[in-house]
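Consider the single chain below, provided in structure tokens and representing the form predicted on its own.
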Amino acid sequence: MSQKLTSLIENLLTTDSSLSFDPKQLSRFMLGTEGLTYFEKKQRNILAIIRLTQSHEIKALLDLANHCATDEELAFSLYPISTGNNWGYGTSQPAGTAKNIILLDLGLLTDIKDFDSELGLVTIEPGVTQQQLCDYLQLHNHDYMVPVTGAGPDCSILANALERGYGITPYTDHFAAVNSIQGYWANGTPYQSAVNELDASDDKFVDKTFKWGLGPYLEGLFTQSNLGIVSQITIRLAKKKADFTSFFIQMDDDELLEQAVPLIRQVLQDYEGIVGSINLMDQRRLLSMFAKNPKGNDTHQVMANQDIAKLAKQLQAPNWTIVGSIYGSVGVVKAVKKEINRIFKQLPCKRIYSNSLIIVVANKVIKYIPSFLVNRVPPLSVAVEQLDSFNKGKEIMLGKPNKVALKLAYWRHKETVGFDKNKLSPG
């Protein structure tokens, strides 16, 4: 990177923003879950990292990039990230293999700019994470749920929505919950909806409450694309209900899957808006969360059927698990739970609910079991870990982020045994 370009960029940045060439920082942002480092022709490179602290700097950098585009010495591309941790949708590794990419880190733009406690509309910048929004809602006693994902507490809400992310809380489609977007097109032109420009209210209430705006819907162009950079969104949050229960339906026969799928569809159609979403998990998915890789760490091999059978027997893992959630008043949850029981009684399966007596009692009993005893008795250790994962899964369904699903990304990692499961990071 030339000294001239360095000077041009540094002159645009405010005091707290920074431009870095530190190899250690660059290497950290080159980590990812895609496995691109194993392919020579897919190696990613970044010249530098720009960390912004003011959203207006985005336009200045885009203008500079466009100005330098025809100069071979100065030409560069910007690759924006929010936190770079939304694994499964891409990480902080650039999408392309060009040699002149500068990473634009928006993770320090963490302002929660506005919240409407009546409608559950929150306006946030790119760096606002699931955990930050959760803390904000708890601090101000707002009874709304964070649009969480299994990617963990350190992931950007804005970025997940722009990648059309999916969650297990009532608003499962996260981009569908986005009512308003502001940002900049790649040529540096600011973007805001036509309604925003016509809205004379101080808080832009009309723009934030009316998703579709006027004329062609342009905001979808910002999703899964490189057409622009989003500086803020307004997203609808689901309100916490008076009652809740999660359900786990376990089947020990693969032949039952064909019969189960129509029943899942029936539940989703009959109780839309009450049943949040349903996940269907096979045995391998469950085992990768609880068991050690039988092929050894850092071994990229698919588990053989005999390995699956052995681990499943040890951990009593069913062939298929149907996981869902019910939200509503006490009477509604009770009634829908009864209906789900009726529907799935057609199949030989085990049905477990998070508010069932066995789960409540198990949680109380385990509190009094000494940790040294848990660690010394393998079956007890497995039971405690499974119950902990069960409870953390329930937390996610209630809009509280955690790292219970992150172990999936480390199934084949050579150092997975030594990882603290509470400190896993997907980026």
Ligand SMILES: Cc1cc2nc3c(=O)[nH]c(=O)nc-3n(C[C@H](O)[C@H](O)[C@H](O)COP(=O)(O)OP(=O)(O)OC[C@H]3O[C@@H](n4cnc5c(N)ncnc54)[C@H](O)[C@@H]3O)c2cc1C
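Just so you know, these numbers come straight off a predicted model, no measurement behind them. Start at 1 with the first residue shown and count on from there.
This protein has a second form, the form predicted together with the named molecule, left out of what is shown; the following refers to that one.
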{"property": "L106, A159 and L406 each touching the named molecule in the predicted bound form (heavy atom, 4.5 Å)", "result": "yes"}
{"property": "One residue of G324, P170, P80, G213 in contact with the named molecule, assessed in the predicted bound form (non-hydrogen atom, 4.5 angstroms)", "result": "P80"}
{"property": "Option touching the named molecule, based on a heavy atom within 4.5 Å in the predicted bound form, out of G84, G276, G120, P318", "result": "G84"}
{"property": "Listed range touching the named molecule, judged in the predicted bound form by heavy atoms within 4.5 Å, from 72 to 80, 256 to 264, 352 to 360, 111 to 119", "result": "72 to 80"}
{"property": "Close approach of N187 to the named molecule in the predicted bound form, 4.5 Å, heavy atom", "result": "no"}
{"property": "Distance check, E163 to the named molecule in the predicted bound form, heavy atom within 4.5 Å", "result": "yes"}
{"property": "Contact test in the predicted bound form: Y89 vs the named molecule, heavy atoms, 4.5 Å", "result": "yes"}
{"property": "The named molecule contact in the predicted bound form: I249, any heavy atom under 4.5 Å", "result": "no"}
{"property": "Partner contacts in the predicted bound form for 125 to 141 (non-hydrogen atom within 4.5 angstroms of the named molecule)", "result": "P126"}
